[in-house]
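This document starts with one chain, in the form predicted alone, laid out as structure tokens.
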Amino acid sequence: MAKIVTLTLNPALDKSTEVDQMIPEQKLRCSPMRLDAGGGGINVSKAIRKLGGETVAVFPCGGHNGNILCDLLHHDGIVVKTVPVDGEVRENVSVRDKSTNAQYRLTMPGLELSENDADQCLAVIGSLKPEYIVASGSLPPGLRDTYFEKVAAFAKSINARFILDTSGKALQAAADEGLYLLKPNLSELSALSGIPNLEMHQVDDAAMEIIRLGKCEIVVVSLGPQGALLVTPQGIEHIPAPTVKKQTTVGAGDSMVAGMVWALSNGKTLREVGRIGVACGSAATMNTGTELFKAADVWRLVEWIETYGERYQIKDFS
């Protein structure tokens, strides 16, 4: 039995490098290429491992890139369960311009996946009997926009808590089925609530309405540099993001989700869940490329939030 299982339907081999300056029409000398296993759910597994937790990462896998991806995860001590598929796992490329610190992220089309292949991933998850299923990232070509709705129904059928971090029609369809936790940003919350151009003063009511409609039990609204808003039927709390030197935004959202799921699986209070999530997301922005975060940075930032966060609080939370 696995406590946490991550589902990545659109895995990737992430490649990151740096150049002194991005100049068109010129040959640019790059720093040594860094390879990382990527895709939303896989990033969540990697981040939870950094916190000392354990997961099983489930994903479709094919080709030479797929073999490299699995080797990287095994090296990091992450348990992997794959569904073999035809074709090649995609590559993503991230290039940082050192002169401006600007980052250029090239995301390739995913490996086309049939619904039968995706269903085999669910069968693997069912055999693991998890308490938490975490799906993060986009749907690959070949799957309907409503596929995460099917995952949400499947999670209910095996009594698992489903946590989803995606966007667009895939997010709205899954929310209609009902989830345990949602982590929308402002634009995603606006789409879910049906309120165009949602203003900050409307966020708490919009999130509460989503819970009232049964779309989820907990909403954590990601506010970027402003932190997050933790919303449950019992209350609302603003969790500030510590000010850090930002190197990248790659993996910050997945790191935030990972921190929250790790905290939930360890019996932390919802306040602690939100704070650890924000600390993980902030810590991930401090590193270059696709490294995610360092655990020592997370706990230092959690301490900052616990010490100074109260002055930023919007409403009492119990």
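Being a predicted model, the structure only gives us computed values, none of them experimental. In this text, residue numbers run from 1 along the sequence as written.
Unshown form predicted together with a small molecule; subsequent notes refer to it.
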Self-check item: Partner-contacting position among L198, A173, I78, L223 - heavy atom within 4.5 Å of the small molecule in the predicted bound form
Solution: L223
Quiz prompt | Position in contact with the small molecule when the complex is considered in the predicted bound form, options V85, A241, L192, V231, heavy atoms within 4.5 Å | solution = A241
Exercise. Among 68-76, 174-182, 241-249, 111-119, mark the stretch whose residues have heavy atoms within 4.5 Å of the small molecule in the predicted bound form.
Key: 241-249
Exercise. Give a yes/no on whether S282 approaches the small molecule to within 4.5 Å in the predicted bound form, heavy atoms considered.
Key: yes
Practice problem: Would you check, heavy atoms only and a 4.5 Å threshold, whether P140 touches the small molecule in the predicted bound form? | Solution: no
Quiz item: Does G53 reach the small molecule in the predicted bound form if we count a contact as any heavy atom within 4.5 Å?
Solution: no
Quiz prompt | Interface membership of I48, the small molecule in the predicted bound form, 4.5 Å heavy atom rule | solution = no
Quiz item: Are all three residues L7, G41 and P60 in contact with the small molecule in the predicted bound form, where contact means a non-hydrogen atom within 4.5 Å?
Solution: no
